[in-house]
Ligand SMILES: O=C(O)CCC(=O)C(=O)O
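One chain is shown next in C-alpha cells, namely the form predicted on its own.
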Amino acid sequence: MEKSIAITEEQSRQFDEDGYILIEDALSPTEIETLIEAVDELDAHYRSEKEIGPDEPFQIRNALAHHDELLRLIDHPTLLPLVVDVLGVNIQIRTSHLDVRPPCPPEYANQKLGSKDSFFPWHSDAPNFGYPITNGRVPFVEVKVGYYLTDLTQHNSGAICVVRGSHKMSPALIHQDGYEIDPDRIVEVNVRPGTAMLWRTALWHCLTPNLSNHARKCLYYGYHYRWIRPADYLHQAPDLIARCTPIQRQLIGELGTGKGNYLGDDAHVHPVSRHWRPEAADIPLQAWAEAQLNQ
C-alpha cells in the first residue's frame, strides 16, 4: 500500500528515525473510564484467584480474551489506520496485555535506570532466542500500541522509557558489561491519560519506578505479520471468534472466512498455510484499507 491512511509525513519520519510516535487523546474520557473499570475488575478478580498481593505488579496476558472492552481495542478507529500504515494489511495480534503497577518501594529510586540488577532492566521485545540480527539491526516485523489510562506526567510515576533510534542498533549492546546509553537519547514517556504510543518493539525500553500515589494502568497490543506465530495464544476460544467482526477475526489470527481449513483447499498445492498464502477473503483489512484511501 503506497499511500497512507492516517499517518502524517512528520509522524512517519519520527517513527522511522526515533522508533515511536505519540497520539494524544487517542482515547476519549468515556473510553478511559470504561477501560479503567474493566482493568480494575480483572485485576481484583485475578489477584484474588492467584493470591497476588495488592502492592505487587501484575499482568494479564492475552488480555483481549478476558473482557469485550479489551477486545474492542484491537481495531480501534484511531490506532488501526496507523498500524496498517506502518505494517500493511496482512497482520494479526501477537500479544495483548494488561499491566497494573502499584506504587513501589521508595528505595527503587536509588537503582540506576534500567540496570541489569534493577526491578526492570533495559531490553527489547523478542522471543527467547531473539530475532535474527541483519546488518546490525532487528528486522522490522512488529509494532506495539500502548494505551495509557492513568496520569504519567510526573517523573518516576512508572512510565515507560525508550531509547530514541535504538531499533537501528543491535540489542546485544545493552547486555555488554560497561555499555552506557547516551542519556540524551532516553525519553521518559510522561503522558496524560488517554495517550497512545505506537512504537517498534525493537526499541530498547525499561520502566521508571512508580513513586506516585496511584497505580499505573496501561494496555499493550502487539501486531505482527500473520505468518509469525503469536505469543500468548494459539487459537482463541470459539465463542470469542464467533462474536468478532471479520476484521477482528483476522486480527486474532483466524481466517477471514471463519472456516478452519488453515492449510488451504487448493488440490494442486496442499498443504500450504493460509497464513502464509492467504486468500482474498482471509484479509478483510485489504478491502477496508482501500476504502479508507478512497474516502
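Throughout, we count residues from 1 along the sequence that is shown. The structure presented is a predicted model; accordingly, all values stated were derived computationally and were not measured.
The same protein has a further form, the form predicted in complex with the ligand, not shown here; the description that follows concerns it.
Heavy atoms within 4.5 Å of the ligand in the predicted bound form are found in exactly one of 176 to 184, 204 to 212, 81 to 89, 67 to 75, that being 204 to 212. Checked against the ligand in the predicted bound form, the candidates V138, L149, I93, I160 yield a single residue with a heavy atom inside 4.5 Å, and that residue is I160. Screening R192, K168, H123, H155 for any heavy atom within 4.5 Å of the ligand in the predicted bound form leaves a single hit, H123. For W199, a non-hydrogen atom is located within 4.5 Å of the ligand in the predicted bound form, even though that partner is not displayed.
None of the heavy atoms of R164 is located within 4.5 Å of the ligand in the predicted bound form.
Of the heavy atoms in H97, some are within 4.5 Å of the ligand in the predicted bound form. Remark: K144 counts among the residues lining the ligand in the predicted bound form, judged by a heavy atom distance of 4.5 Å or less.
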